[in-house]
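Below sits a lone chain in structure tokens, taken as the form predicted on its own.
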């Protein structure tokens, strides 16, 4: 019974996060994208990290869902095919590899989330640089995009950790 409820709740939460990523970015665009700074919301990544670390059995096909969410994200939000399609499953793979070595608590998950954010943002930056979508240098990226993105998503993690953890515990 537990797995079937989680199997239903996970994709619903993923698509809610996908929708909220775009909607909240649009609603708060004046604050998130105030020149020269750019803060990117990563609720999809947050939901994926929660799923990896709060699903004790590891039965959810998070990698497949991450690829599907990445495809939708690329198609609908970025217009550059393949960036999130590759980046999100990559983060799932890395997180699953390090999970057995970690003591799962709030601070550990926060650090893993920050590392995953950095990986995704660096991956997107390199992909866009290679594709000549952007021309900014690494220092500008770190100061004007990566820093603000980590700050905003760190706040979201702190706010959402307890409710999402309780949801996973309730479904478990």
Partner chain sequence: MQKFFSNRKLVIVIIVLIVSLGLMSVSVAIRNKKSTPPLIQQFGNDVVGAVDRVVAWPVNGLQGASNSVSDLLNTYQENQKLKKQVDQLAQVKVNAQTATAENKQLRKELKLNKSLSDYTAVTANVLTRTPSSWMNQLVISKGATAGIKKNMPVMSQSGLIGRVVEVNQTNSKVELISNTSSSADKFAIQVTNKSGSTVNGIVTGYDKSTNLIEMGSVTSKTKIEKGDKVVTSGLGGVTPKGLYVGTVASVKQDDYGLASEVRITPAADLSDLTVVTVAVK
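Numbering follows the first chain given and starts at 1. Keep in mind the model is a prediction, meaning the values are calculated, not measured.
What comes next is about the form predicted in complex with the partner chain, which is not displayed.
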| item | value |
| --- | --- |
| In the predicted complex, residue 22 touching the partner chain (heavy atom, 4.5 Å) | yes |
| 4.5 angstroms heavy atom contact with the partner chain in the predicted complex for residue 108 | no |
| Heavy atom of residue 145 within 4.5 Å of the partner chain in the predicted complex | yes |
| Partner proximity in the predicted complex: residue 72 to the partner chain, non-hydrogen atom cutoff 4.5 Å | yes |
| Three-residue site 29, 38 and 83 fully in contact with the partner chain in the predicted complex at 4.5 Å by heavy atom | yes |
| The partner chain in the predicted complex: contacting segment from 134 to 142, 99 to 107, 46 to 54, 59 to 67, heavy atom within 4.5 Å | 134 to 142 |
